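Presented below, as structure tokens, is a lone chain in the form predicted alone.
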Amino acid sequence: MSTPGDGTRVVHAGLPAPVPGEPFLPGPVFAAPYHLDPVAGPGAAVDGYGRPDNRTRRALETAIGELERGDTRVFASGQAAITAALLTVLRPGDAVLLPSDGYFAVRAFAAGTLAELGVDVRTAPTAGPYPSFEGIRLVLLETPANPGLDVCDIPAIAAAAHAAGALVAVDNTAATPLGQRPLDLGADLVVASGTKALTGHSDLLLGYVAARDEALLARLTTWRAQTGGVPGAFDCWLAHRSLGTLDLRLARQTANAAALAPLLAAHPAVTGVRWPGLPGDPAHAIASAQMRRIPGLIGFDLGSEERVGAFLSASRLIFAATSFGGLHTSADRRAQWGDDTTPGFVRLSCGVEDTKDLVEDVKAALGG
């Protein structure tokens, strides 16, 4: 059989072998303690206690690992996964390089907790220029960046960082493993929020870390067991169930973004449109070479808080909500969360509505 396509891979990722009378995806296992062998103890079975052990969670980790092409550990949220990776790798006196235009909560964590622990926190824009990597322990990339959607050259940066002795982690939240596979591009770690496009139904919180280094993964596993940031069994089951439609969801979201981005760019009330799929976008060349598909996220500016409010109030299809990557098209005025964007900047997350309907709705909401 030839190499399976994305649709086939996500439908079958992490599923057990077929057994007559059993469901395709077994239901979630709800357990805190498990039965132990009264003589041999926990060594006699895989599962002993629910914080480090849960077969529903392991099945999801297998599925995501197949997509990312690396062993995976899932966490209670994307923020839990990213902070676990940072605190596992970094020690007092180490230096970390973060994207200055990346997710604001990670930058806030670094400026507060990491700095207080004695970590030297440095930043650089996703699109560069980058400083020397000498003396840096970890380089964290976020590409495409949230919310500005800049893109960086992962293989080039990874090669330069490794030459200087640094590890490289890539936040793959926006792209998903169907959009790019950072481990194949030279990264040591992948971190991501599975809350968003990966699961796509706006009904759970999830994060994960993927790696190929067994020693690094063992340290992450110990960290998770000792700090307890595990997702619940039902969230893991929901996430695994949702993976099967990932290819279909991303295809429609990208198609909707491809229709809306040029419409927004041509509208006189809109400025600063960013979508890496647009030929004129500053990130287009790198994104086209590096990414397998462009996510359905568009950034643009309506000039003021009031105009954003009027746009969203006039729309019939766009939900005002934070997060992104869900089935429903949503828009988020990032400045309301304290993010360092202009008051009228909007991050639009295209859903899976019919493209024609979404285009008509955005035209009407913008006033023609």
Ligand SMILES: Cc1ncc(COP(=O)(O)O)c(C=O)c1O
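Residue numbers run from 1 along the displayed sequence. Every value quoted in this text rests on a predicted model; they were computed, and no experiment measured them.
Keep in mind that the form predicted together with the named molecule is missing from the display, and what follows is about it.
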Using heavy atoms and a 4.5 Å limit, would one call Tyr103 a contact residue for the named molecule in the predicted complex?
-> yes
Closest heavy atom of Gly179 to the named molecule in the predicted complex, within 4.5 Å or not?
-> no
Lys196 within 4.5 Å of the named molecule in the predicted complex, heavy atoms | yes
With the cut-off set at 4.5 Å between non-hydrogen atoms, does Ala210 touch the named molecule in the predicted complex?
-> no
Is the named molecule close enough to Glu142, Leu206 and Phe324 in the predicted complex that each of the three has a heavy atom within 4.5 Å of it?
-> yes
Partner-contacting position among Gln79, Thr227, Thr221, Thr245 - heavy atom within 4.5 Å of the named molecule in the predicted complex | Gln79
Considering the named molecule in the predicted complex, find the one stretch among 87-95, 155-163, 170-178, 258-266 with heavy atoms no farther than 4.5 Å from it.
-> 170-178
